[in-house]
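Given as structure tokens, the chain that follows is alone and in the form predicted on its own.
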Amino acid sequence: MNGIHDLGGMHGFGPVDPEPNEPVFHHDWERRAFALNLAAGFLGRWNIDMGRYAREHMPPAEYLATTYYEHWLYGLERLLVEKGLVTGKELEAMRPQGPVAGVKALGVDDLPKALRNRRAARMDDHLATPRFKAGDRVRTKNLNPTGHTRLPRYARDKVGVIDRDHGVFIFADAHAVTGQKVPQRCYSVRFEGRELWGPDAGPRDAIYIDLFEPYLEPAYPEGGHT
């Protein structure tokens, strides 16, 4: 979707200043927020793409003024209410009004097995004839979706070259909104820095972006076939 979360490639936010030896968690509440996200996710009421989509609904001013795990916490609270696991009143009071039917909590003894049970996004059993191959010039579509998308705003309506075919995966855009596992081919596409950011980009700069096939169309040479 088009939102403040799509910050990649944007100017005006100052330099990236990595923290030396940055810890995974700066505060204990961040550790708990991460654990709550994992535990609630194992209930099976939503998928990882729905989780990302929930965080994308955070109001822009709030998003810019909050930290990484505050974004996670916002998305979790939204999903818990949407899926009927808690009510808005319970969330506000931070007190449950009663048990939730049909929900089995993730116990300590269940945790190792649950973490090992990885559900891969690859769907190569749905292999279809690829539309593109390595070396093909492609143009990304100028999409402005209201739902979730993996096509960054800075890479829309840009010309690149297919570097490799990754195979078929769950299409994140559909998975985030409907929960359906729609198979779509994914490619690594190489873009010149000046194509993305103009003449001020370095002449040797390039970036590779993994993009689903529905985002792409053939890019014909100027004056060629359309």
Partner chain sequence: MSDHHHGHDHAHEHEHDDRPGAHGAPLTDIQLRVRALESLLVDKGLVDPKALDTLIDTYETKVGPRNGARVVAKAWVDPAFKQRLLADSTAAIAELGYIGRQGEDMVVLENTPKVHNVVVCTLCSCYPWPVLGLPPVWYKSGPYRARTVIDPRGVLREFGVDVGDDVEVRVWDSTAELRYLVLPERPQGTEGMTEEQLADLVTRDAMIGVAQVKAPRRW
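Numbering follows the first chain given and starts at 1. In this text, rigid core is short for the largest set of C-alphas that superpose within 1.5 Å between two forms. What you are looking at is a predicted structure, and each value in this text was computed from that prediction instead of being measured.
From this point on, the text means the form predicted together with its partner chain, which you will not see here.
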request  = State yes or no: in the predicted complex, is some non-hydrogen atom of residue 120 no more than 4.5 angstroms from a non-hydrogen atom of its partner chain?
outcome  = yes
inquiry  = Does any part of residue 72 reach within 4.5 Å of its partner chain in the predicted complex? Heavy atoms only, please.
reply    = yes
request  = Answer for residue 136 alone: is it within 4.5 Å of its partner chain in the predicted complex, judged on heavy atom distances?
outcome  = no
task = Classify residue 66 as contacting or not contacting its partner chain in the predicted complex by the rule of any non-hydrogen atom within 4.5 angstroms, answering yes or no.
result = yes
query = Can you name the residues of 27 to 42 that have a non-hydrogen atom within 4.5 angstroms of its partner chain in the predicted complex?
reply = 27, 28, 29, 31, 32, 33, 34, 35, 36, 38, 39, 40, 42
task = For residue 203, state whether the C-alpha moves by 2 Å or more between the shown form and the other one after rigid core superposition.
result = no
